[in-house]
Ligand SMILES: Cc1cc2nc3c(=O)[nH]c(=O)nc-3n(C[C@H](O)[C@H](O)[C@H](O)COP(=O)(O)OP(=O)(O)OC[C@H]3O[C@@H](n4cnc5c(N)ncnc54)[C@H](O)[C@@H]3O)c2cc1C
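Take a look at this one chain, the form predicted on its own, written out in C-alpha cells.
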C-alpha cells in the first residue's frame, strides 16, 4: 500500500487542533487530525467562551451556545456580592462535549481528515518529513502541530522541554430540580475563596450549573474540600455534585519553546492559557490560527522554517499572557479588594469588559496606561522577590523577576529560543 504523506498532521482535536486543522485545510493543505478519543467526547472544563474567543473563531457557534452571560457576580470571602452588568454579552456558555465535536465537524467540512481512537507513540524528524508512530499505522507529515493539551506527549516525543508553571482545577455539575435558578440564567459567578492562585466559579448551562475551584498545583489536595464548601454556599448539598473531575492548567514561562524543527505547539500543549482567568480556549484558537499561517508559509517556500510562529506568539499572544500573569499576581494580593474596585471604578470595569470582548488585549490595555504601566511591572516583580508577597499570592517556587522596564517592543523576560531546522531537517539548532 502506498504511504500517504500529509502536509500537516494535527495531534489532538480540541479547539486548538480543530482550529489549526480547519485553517490549514482551508488554505489547501492536505491535513489530518489524529486524536486518541472518539467524538463526541467530553472534557473537564468550565465551558465559558468569552466573546473575544467567539470573534477569533470566525464561525457562527450559535448551535452550541446554551447561555449568554451579561452579568458578573463577584463574591468576596465575607459573602458580600459585587455585581456588574454589561449592555452587551460578555461570555457564552457551552459544553466541551458539544463545542469540540462542532469544531471537528467544521474542520472536516473545510477538507481535513479525522482519525479517531488513534494514539501517537513516537515522533522522529527526518530530512523532509516527520515520521509519526501510532497504534494503528505509521504516519508522515511535512509539519506536525501538537495540540494534545496539558497532558499531551507531543512536546516530549519531539525532544522539547517546555518550561511551565502548573495550576489545577476541580469542577462538577449540579442539576437543580427546577432547572437553572432564574437569578443565574444570564449571570456567572466568581468567588474569592482564599485558594492560592485561584478562585471559585459558578456557570449556568442549558439545564444545569457548572461549579468549580482552581489554584496553584500545590493546593490540589485541598480542592475537593474547597469545592464542597463552595457548593454549600450556593445553597446546594455537596452530595448533589455530579461528574466531579480535575485537570491541569499549564502556564508557559517567557522563552519556553513552541517550535522544534517541523513541530509547533498550540493551546495548552504550549502552556498558552490565560493565567488570570484560567481560560485556555481563547489562546487555543489564536495559536491554532497562527500555526496554520506559519505552516502554509513554510510549505509554500515563503519562509525557511517555522520559527515565525514562535516570533508571532512572543510578540502577540504570549506577550499578552505575560501581562495577564503580572495582573494575576497583583489581583491575588487582594482579590476582595479587586472585586470591590471593579464594581466601583468605572474605568477598571470598562477595561475588564473590553478584554472579555476582545476590544483590547492585556498588553494593549497596559500600554494605554502610558507612564503608569511600569507600576504593574514593579508590583509584579516585588511579588516575585519579596517572601511575604510570595506567600500571600500562593507562590511556592522561586521565580526570577522579569525586567522592570520593557523595551520598545514591549517584550520582557527571557528571549525566545525557537529551534530551527538544520540542514538535515533534524531540528538541531543552527
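Numbering follows the first chain given and starts at 1. Since the structure is predicted, the reported quantities are computational estimates derived from the model, not experimental observations.
The same protein also has a form predicted in complex with the named molecule, omitted here; what follows describes it.
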| item | value |
| --- | --- |
| Partner-proximal stretch of 174-182, 115-123, 327-335, 67-75 relative to the named molecule in the predicted bound form, 4.5 angstroms, heavy atom | 115-123 |
| Listed residue (90, 342, 249, 129) with a non-hydrogen atom within 4.5 angstroms of the named molecule in the predicted bound form | 249 |
| Among the candidates 299, 219, 169, 317, the residue which, in the predicted bound form, approaches the named molecule to within 4.5 Å (heavy atoms) | 169 |
| Contact test, all of 145, 255 and 288, partner the named molecule in the predicted bound form, heavy atom 4.5 Å | no |
| Touches the named molecule in the predicted bound form: residue 279 (any heavy atom, 4.5 Å) | yes |
| Interface membership of residue 45, the named molecule in the predicted bound form, 4.5 Å heavy atom rule | yes |
| Contact test in the predicted bound form: residue 384 vs the named molecule, heavy atoms, 4.5 Å | no |
| The named molecule contact at residue 102 in the predicted bound form, heavy atom, 4.5 Å | no |
| Residues within 4.5 Å of the named molecule in the predicted bound form, restricted to 14-41 and counted by heavy atom | 14, 15, 16, 17, 34, 35, 36, 37, 39, 41 |
